[in-house]
Every structure is written in C-alpha cells, then in structure tokens.
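Here you get one chain, nothing else, as structure tokens; it is the form predicted alone.
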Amino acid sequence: MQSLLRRAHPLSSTAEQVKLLEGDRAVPAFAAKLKEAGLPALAAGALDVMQVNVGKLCNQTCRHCHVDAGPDRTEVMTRETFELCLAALRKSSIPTVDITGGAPELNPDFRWFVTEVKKLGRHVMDRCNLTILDVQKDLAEFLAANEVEIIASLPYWSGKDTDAQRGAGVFDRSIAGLKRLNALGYGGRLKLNLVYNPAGAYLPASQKSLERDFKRELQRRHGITFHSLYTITNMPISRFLEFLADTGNFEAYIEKLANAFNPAAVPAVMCRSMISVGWDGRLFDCDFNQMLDLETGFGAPRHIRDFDEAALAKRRIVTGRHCYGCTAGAGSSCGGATA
C-alpha cells in the first residue's frame, strides 16, 4: 500500500489517487450506496455559489491539505480566466462567490477580482489561512473595506494542536490575525467564521459542541469573537491520502466513512448548490472533485467559457468513494455540517 501511494504522489498523478480510491474492496461505490438507501443519483439544484479556486500557491504547507498547496506551486489563475468568471456571473443569478486556493490572496489579481465581483452586487467569501494577514500588511483592511466574509482555518484553540497540523508558530500568527480582524469589525458587523479539521483519521466531533468550546476558549484566552465554527471532515485526497497510507489507516478510514454514511446528510451536500471553477477555468462539481481531476460530466459544460447556468443547475454529479467524506456522520461541506 505504501509503495502505491509513493507512486501516487499528488504532484505527479491524481489518476493514481482515483484508482486507489475506486479499487475493488468491501466498501461499495458511492452511487450504489445512494441506491441502497433509496436515494436517486446525486444531482444539482439551483446554483447559490460559484467557488473559484484561484491557484495552489500558498505561504503554508499543511499536513491535511487536499489541494497540496504550498510555496512551490506555480498553478495560478490568469486575468483572462478571471474575466471569464466575471462574464459568467454577469449572465447568471448566482448570489455568492467563494474564493479559495492555496492562499487565494497570493494571486496577483485577487484584489482586482474581489472589487469587480462586488461591483456586480455579489457577496464575496475569502477562505483565509490567517497567517497571510501577516504577509500582506494591508490585506485585513482591504477585506473589511469590501465587506468580504472571511472563512478562516484554525485547527484548534490551542497552540500545540494547531502547530502540529500547520507548522511551528502558525497558531500565534493566527491569533494575531484574528485580533486584528476583530479590531476591524469582524466577529461583529462583519462575518468571520472559523473552520475545524480533525488532526487524524477520525470524524469531527459535534459542530455545536466544538463551536461552544472554541468560542469559550478563544474569548477567555485571547478576547477573540467570531460568528460560526464549521467542522469539515478530512477528505482522503492528496496529502491526507498519503498520511493515511503511510500510517496504515487507509482502508480503515474509508470503511469508517462508509459505515457512518448518513442519508440525511445527502440533500445539503455542497455540490448540489455550487459550481467549482479550477485555476485553469475547468468546471467541477466541488473542490474535492477538482483535486482529483474529476471534471463535470454527463453532458454538462466543462469549462467556464461554456458556462450555462440552466444546464449546470440540473447536472448529474460525478461521484466516487471520497464522497463518503461529505455524507458521514453529521455531514461535511464548505459550510460545515449538513445534517
């Protein structure tokens, strides 16, 4: 198993990752699980979110990152592709643009894109790793001035756990960033939400109980406030997939996700109400499919230049065993639990 994962390093072959995930085993295919539960094939509904992954360049290299982002990545969305995204938005009714990466703020056109989207009257969300606020000194002020909702990753309210997942010193820099955001009105009139990922091969605890703990401890220890905590299950993709194999947990984790399948979590999975745009303009059902190179299928448009809201809003979703990660337990999405 470990030798297969070394050949399937995310930098070299997403096809090998898909092969590993979809190989014969006791875990049923996700489509078969839906049928067994009496549910129809997964299909999209109205599009509420256009999620735009503007590149894999990041100032951090996190252990759990499903994007395999880092300082050495060169994949960055161009101005031309940004323009295609804006053209698609102009002819659509999609109310929210969710900007992600990498560290999306490192894209040289990030601020321009935010201001152009705001001119269209759309809500903007930025998936911020917090330490980037220390790299770009005026970034927090820019985000506040444009009333951008911030969704910030913070693995835990203690330094030891956070640094173990994201690198030495990240926790202190993240806390400094949160304090700065609070001073600008985030956590009050401006939306600030945090994201929690488990540190290992297990499902997240109750989102409500974790949110209570985070709010209590961040306020007590640092005087920090925020709106909501989103719990997101670690997806068996990229670096986390390598971690599972290297620690001998791959099969057990996939089985754990499948055994925890919750039919009630299916209706609100994020792929049903979003379209994901890759850094190169290709279209995907979600950010996780994007990292496995599983483009939209079943006749749906496959590039942002061919954007068709009506067709995308009724498309069938491309699924795989990684989809158990979004339907296990209380469910998981870019907005946290779904059930």
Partner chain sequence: MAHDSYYHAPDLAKFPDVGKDAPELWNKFLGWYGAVFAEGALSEREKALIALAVAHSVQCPYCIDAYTTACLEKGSNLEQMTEAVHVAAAIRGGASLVHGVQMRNAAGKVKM
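Numbering follows the first chain given and starts at 1. Being a predicted model, the structure only gives us computed values, none of them experimental.
FYI, the form predicted together with its partner chain isn't displayed, but the following is about it.
All three of 79, 117 and 191 touching its partner chain in the predicted complex at 4.5 Å, heavy atom to heavy atom?
Checking in the predicted complex: none of 79, 117 and 191 is within 4.5 Å of its partner chain.
Is residue 106 near its partner chain? Define near as a heavy atom within 4.5 Å, in the predicted complex.
It does not: once its partner chain is placed as it appears in the predicted complex, residue 106 has no heavy atom within 4.5 Å of it.
Would you please decide whether residue 161 lies within 4.5 angstroms of its partner chain in the predicted complex, comparing each non-hydrogen atom pair?
Output for residue 161 is yes: heavy atoms within 4.5 Å of its partner chain.
Counting only non-hydrogen atoms and a 4.5 angstroms cut-off, does residue 139 reach its partner chain in the predicted complex?
So residue 139 does not count as contacting its partner chain.
Spell out, yes or no, whether the shortest heavy atom distance between residue 196 and its partner chain in the predicted complex is within 4.5 Å.
Result yes; residue 196 sits at the interface with its partner chain in the predicted complex.
If we take heavy atoms and a 4.5 Å cut-off, which stretch out of 197-205, 141-149, 238-246, 183-191 is in contact with its partner chain in the predicted complex?
Of the options given, it is 197-205.
To verify the annotation, which of these, 256, 227, 222, 122, has a non-hydrogen atom within 4.5 Å of its partner chain in the predicted complex?
Of the candidates 256, 227, 222, 122, 256 is the one lying within 4.5 Å of its partner chain in the predicted complex.
Exactly one residue in 250, 113, 157, 261 has a non-hydrogen atom within 4.5 Å of its partner chain in the predicted complex; which is it?
Result of the distance check: 157.
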